[in-house]
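Take a look at this one chain, the form predicted on its own, written out in structure tokens.
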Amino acid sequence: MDEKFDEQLLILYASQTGNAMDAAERLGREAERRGCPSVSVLSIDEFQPIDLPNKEAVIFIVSTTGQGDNPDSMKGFWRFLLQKNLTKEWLKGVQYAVFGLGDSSYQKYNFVAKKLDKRLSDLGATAIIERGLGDDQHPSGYEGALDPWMSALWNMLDQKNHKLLPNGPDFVSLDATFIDQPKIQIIYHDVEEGVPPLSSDTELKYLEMQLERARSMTPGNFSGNDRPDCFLKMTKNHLLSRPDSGKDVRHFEFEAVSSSIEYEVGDVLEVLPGQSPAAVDAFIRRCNLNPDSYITVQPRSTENHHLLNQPLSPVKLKSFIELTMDVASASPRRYFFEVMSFFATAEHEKERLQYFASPEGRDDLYQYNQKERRTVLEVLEDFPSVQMPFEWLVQLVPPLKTRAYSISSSHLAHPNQVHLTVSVVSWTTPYKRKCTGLCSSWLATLDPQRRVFIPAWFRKGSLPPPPPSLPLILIGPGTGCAPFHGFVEERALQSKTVSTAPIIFFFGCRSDRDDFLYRDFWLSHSQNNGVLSGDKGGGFYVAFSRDQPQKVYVQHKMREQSMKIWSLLSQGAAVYVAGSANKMPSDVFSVFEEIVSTESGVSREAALRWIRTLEKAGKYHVEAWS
């Protein structure tokens, strides 16, 4: 092999929720166990893409997010790869493999892995193995495809680059007593460095300080700015759906208690949820921790870590858990069970944990853990002989993540306020266990009379704010109506001072009686020269799916208004779609194809090309969530 190459197996991951990181770290551990002399596992944003031609073998583990989007950490890397000045031989001699994590219920399934694979090949790199595609819909999740792909990878890597696996593809270090050191170390401190809360003002400052300290020392789990844009206080908690309707949809209003609020319609609010105090206390008791001790968390290794460039101030152990470790909502990863097996003192527990961590136990683990959405606390309680050191818990307990919601207000209409429309998530598992969404159920319990500070971040979503002169076709069933509530509020204000273009809005819900969200708001704007009124060239159309024997969805209402939709599209209208990611976005897309084909008299293929052109021109936007 040419002198220019690093003789190292480099594994790069692009993760949005942590699954790709987990898969990459597992791949790295497997490579080391198979005797690979040098392995490096990095987040893709920690790697300089200009160095790619100097790498001998690179494995990419990448997830697809949203509607075929790159994870945030991959955006810079992908922009670099698309540069026009990169030649078809830029990566000549570089061997690569791609494994994608996606969900086949989405239209652009594993889109990121597919386009990365093609681009690397176009730039002259050689595939070690055909790309692998993990699917959340598989009975074992993405691991159903990852396990066989990894086995094939070791065989092909051995054939194409034997020195990376000098002992052959089948060699595995089977030292059952061996476990790596945790990646982090915890230092305990004698005294508190901070002031306990005395008043509501110092209480906020204390929370701000604890949050910043805790999140800044959490290894590799958070991207972007750890400091919240502001802290919010809830001022309204209003039930939108009918009580006892089987749905719990809320309208929440918040005001800023620290810095002022700034956002545009179409933006997203990220909220850090509070955890149940009882669950946090139970976790602390189960793990024999002292909630009042003060700690700093540092990486054991000095490589590639931002924490070593800054002095760390101690944080209270209980605060660290509350603000950074998801102990009672997220399910632990597979490696958690492997590490647990080393600390189990009861033989039957050790055997079960080893089985769960093995390829043979993969499907049973998926049924026990992910399918049942078992929490870290529940798993630890199921294996009472396990006493894991706190370092391992900090490393392996899933991070407490912010939850993102479409903003349903206009800042012009509500200065220093932000509104959300939230469906309180609850479901029953295959074994009939009742589960609830951490953030939505927490928000639903908040009393506006009580002073609870909510850390919040404002982000750009997938729906850019439209200028007043742009005609709009909006499709938002269920809580998909949230961003469009803000759009309509804003355009109603704009219409008082400037001439505004028409809006047609297609809303869908189960029934007129149970969950017609914001009914009075939409109807008032669709009458008396309102921005949704026929007088203004607009329209408001509701599909009640269960108010008649046959189900009616937004797609049916769109077909009924086929001529009106085509007329607005011909005037340069933009399309905005928001709501559940399951089938709705692709069904709506198909109806647009049908309408363009029928109304303009062209083939379905030509209609599809026309809509793709609309997408490229930035006039077809989708924001969907699972």
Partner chain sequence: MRRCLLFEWKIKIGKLPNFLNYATGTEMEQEKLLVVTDQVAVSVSAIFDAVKVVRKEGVEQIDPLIITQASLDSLLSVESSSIDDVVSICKSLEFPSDQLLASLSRVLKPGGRILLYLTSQSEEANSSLERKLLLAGFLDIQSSGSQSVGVIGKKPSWKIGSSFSIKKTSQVLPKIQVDDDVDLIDEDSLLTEEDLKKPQLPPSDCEVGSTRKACKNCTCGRAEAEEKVEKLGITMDQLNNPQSACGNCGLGDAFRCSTCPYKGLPAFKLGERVALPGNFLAADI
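Given the structure is predicted, the values throughout are model-derived calculations rather than measurements. Throughout, rigid core stands for the largest set of C-alpha atoms superposing within 1.5 Å between the two forms. Residue numbers count along the first chain shown, from 1.
Not pictured, yet referred to below: the form predicted together with its partner chain.
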| remark: Answer key: of S590, S38, S570, N54, within 4.5 Å of its partner chain in the model of the complex (heavy atoms) is S570
| request: May I ask you to choose, among K88, H238, K432, K163, the residue with a heavy atom within 4.5 Å of its partner chain in the model of the complex? | output: K432
| task | Report whether the minimum heavy atom distance between L82 and its partner chain in the model of the complex is within 4.5 Å. | result | yes
| message | At 4.5 Å between heavy atoms, is D135 in contact with its partner chain in the model of the complex? | response | yes
| message | Contact with its partner chain in the model of the complex for I44, defined as at least one heavy atom pair within 4.5 Å: yes or no? | response | no
| query | Taking heavy atoms and a 4.5 Å cut-off, does G246 contact its partner chain in the model of the complex? | reply | no
| query | Mind checking whether each of F111, D382 and T613 has a heavy atom within 4.5 Å of its partner chain in the model of the complex? | reply | yes
| said: Only one of these stretches, 527 to 535, 312 to 320, 155 to 163, 127 to 135, has heavy atoms within 4.5 Å of its partner chain in the model of the complex; which one is it? | reply: 127 to 135
| note | In sequence order, the residues of 594 to 608 that place a heavy atom within 4.5 Å of its partner chain in the model of the complex are V596, T598, E599, S600, G601, V602, A606
| Core fit, then Q67 C-alpha moves 2 Å or more between this form and the one not shown | yes
| Any chance the CA of T87 moves 2 angstroms or more between this form and the one not shown, core superposed? | yes
| Per-residue C-alpha change between this form and the one not shown, P291, threshold 2 Å, rigid core fit | no
| With a C-alpha distance change of 3 Å or more, do L470 and Q107 lie closer or farther in the model of the complex? | farther
